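The chain below stands alone, shown as C-alpha cells; this is the form predicted on its own.
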C-alpha cells in the first residue's frame, strides 16, 4: 500500500471514528497494523496475537490454512481484532481501498463491544499483549532448558490444550477461596434455629467433612491438578497456569460470537451509510456488506443472525406492538438506549433466549436437521409446534454451551488418590472416542487413575482410565 493511500486511509479513519463517537460507541484507543496475506495467515494460526508461545499445533494450523488459501478453497478474514487496550487490529494490504474503510468501521464496533460487555470485565485488556509475550518467553525458556527440552514441553502442552476449556464459564463471578468454601460448608451443615425444639426430637449435629478435596465440585481442572498433584514440577505447574490464563482470555469471545459480530455489522453499516462515498465505492460497499451478511446453507452465519436480532430489538423498542405493550407495559427506553443496554449485560445464550422471537425465526427460515446414515434430513421447521424447539437447540449449541460441563468431585476417590470427575449431563452423551483421549491426557497430568461419571444411552456409567486403557462400568 502506497504512502499516499495510507494518508488517505488515515483521513477516512478520522471521519469514521467521529461517526462512531456520534453514534455513542465507547472505545479503547485504536491502533491498526497493515499486513500481507502471509502475515495474516500467521496471525490466524496464533489467534491474532503478535507474540505467542510455540507449539506444533499452531504450525500445523498455519500449513493447513496456507494450503487451503493457496488452492482457493478458503479466503482470508477482512480483519482481525485483539481485545487489548489500546485495541489492535490488522488490515490486509491486498484488500481494496473500500474494503479497508469498511473494516475500519467494523473494528470500532468490536472495540466498543470488548470494552463494554460484562463478560470481558475480568480481562485486563491493558496487559493483554504483554501477558502473551511473557507467556511466550517463559515457554521458550523451558524449551531451551537442557533438563526439560521441547519434547517434554510439547507433551505437557498437548494434555493442557485438550483440557483447557474445562474451566469456569462465567468469569464475572468471583470464585470463592478455600477459606470461604469451608465457612459456607459449616453454615450449610449447621441446623437452623427451631423455635419448637422443646417438643421436637433432638437430632445430633454431624460436623461436615472439611478434609474432602474439593469441598464443592470444581470446574477449573487444570488449576486443580496444578494445586493438588504433588508430583508436578514447578515448570509443569507454570505451563498449566499459562494455558489456563490464555483460555480465560478467549472464553468471553467464544461466549459472545453472535452478539459481537452482529454488533459490528450493525454499526459498520450505519457508519458507512453516513459517509459520503463515491458512487463506485458505494456499490462495492453494498456488495461487500451483503457478502458478510449472506446466510450459510446448513449452518448459522453469526454476522447475519446477530445483526437481525439487534435490528429487531431496536425496532420493537422504538415501535412496540399493541400485544407487547399489553404484555410488558409501555416501553421506558427507546431502541437505541435498549441495544446499548443489551450490549452490556448479555452473552449469546441469554441474548438469543430473550430476544430471538418466533417472527425472526420464521423470517430467517431457521430449521433443524439430523444425520441419518450418510444423509442430513430436516427434522424440524419453524412452524407453530417446532419454533421453540429450534430456538432451544440453537441456544444449546452456541458459545461454551457446546462444551460438556465436567467437574472434579473427589481427588481421593475410594481413598486411593483416584480422581473422580463428573459429566453434568444435559441431554447429549459424550463422544466416547474423544472422552477416552481426554481422560488419557488427564491421567497423564494426574499420574494416577481417573474416573469419569457420565450417562451413556440413558444409563449411569463410570469411565475408568488407568494402565493406558479405558474400562466402562455400568451402574444401576
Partner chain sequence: METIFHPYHSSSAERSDRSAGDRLRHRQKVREAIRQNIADIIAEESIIGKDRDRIIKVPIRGVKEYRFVYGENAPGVGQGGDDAEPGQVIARDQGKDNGRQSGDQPGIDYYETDVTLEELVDIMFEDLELPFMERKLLREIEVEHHHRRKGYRKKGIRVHLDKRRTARSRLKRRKATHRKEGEELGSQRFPFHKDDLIYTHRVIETRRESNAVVFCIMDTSGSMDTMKKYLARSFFFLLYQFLNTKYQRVETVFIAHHTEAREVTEEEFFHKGESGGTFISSGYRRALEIIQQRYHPSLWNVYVFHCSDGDNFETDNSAALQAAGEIAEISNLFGYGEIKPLGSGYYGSSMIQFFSQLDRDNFQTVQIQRKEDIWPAFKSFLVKDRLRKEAG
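Residue numbers count along the first chain shown, from 1. Just so it is clear, the structure is predicted and the values come from calculations on it, not from any experiment.
Only in words, not in the display: the form predicted together with its partner chain, which the text now covers.
Only one of the listed residues (275, 223, 292, 381) places a non-hydrogen atom within 4.5 angstroms of its partner chain in the model of the complex, and that residue is 381. Residue 397 is the only one of 397, 197, 319, 121 with a heavy atom lying within 4.5 Å of its partner chain in the model of the complex. For the three marked residues, 52, 366 and 376, a heavy atom of each sits within 4.5 Å of its partner chain in the model of the complex. Exactly one of the stretches 177 to 185, 337 to 345, 126 to 134, 400 to 408 approaches its partner chain in the model of the complex with heavy atoms within 4.5 Å, and it is 400 to 408. Contact annotation: residue 13 falls within 4.5 Å of its partner chain in the model of the complex, judged by heavy atom distances. Contact annotation: residue 439 falls within 4.5 Å of its partner chain in the model of the complex, judged by heavy atom distances. In the model of the complex, none of the heavy atoms of residue 281 sits within 4.5 Å of a heavy atom of its partner chain.
Remark: residue 62 counts among the residues lining its partner chain in the model of the complex, judged by a heavy atom distance of 4.5 Å or less. Within 4.5 angstroms of its partner chain in the model of the complex, the stretch 420 to 449 places a non-hydrogen atom from each of 421, 423, 426, 427, 428, 429, 430, 431, 433, 434, 435, 437, 438, 439, 441, taken in sequence order.
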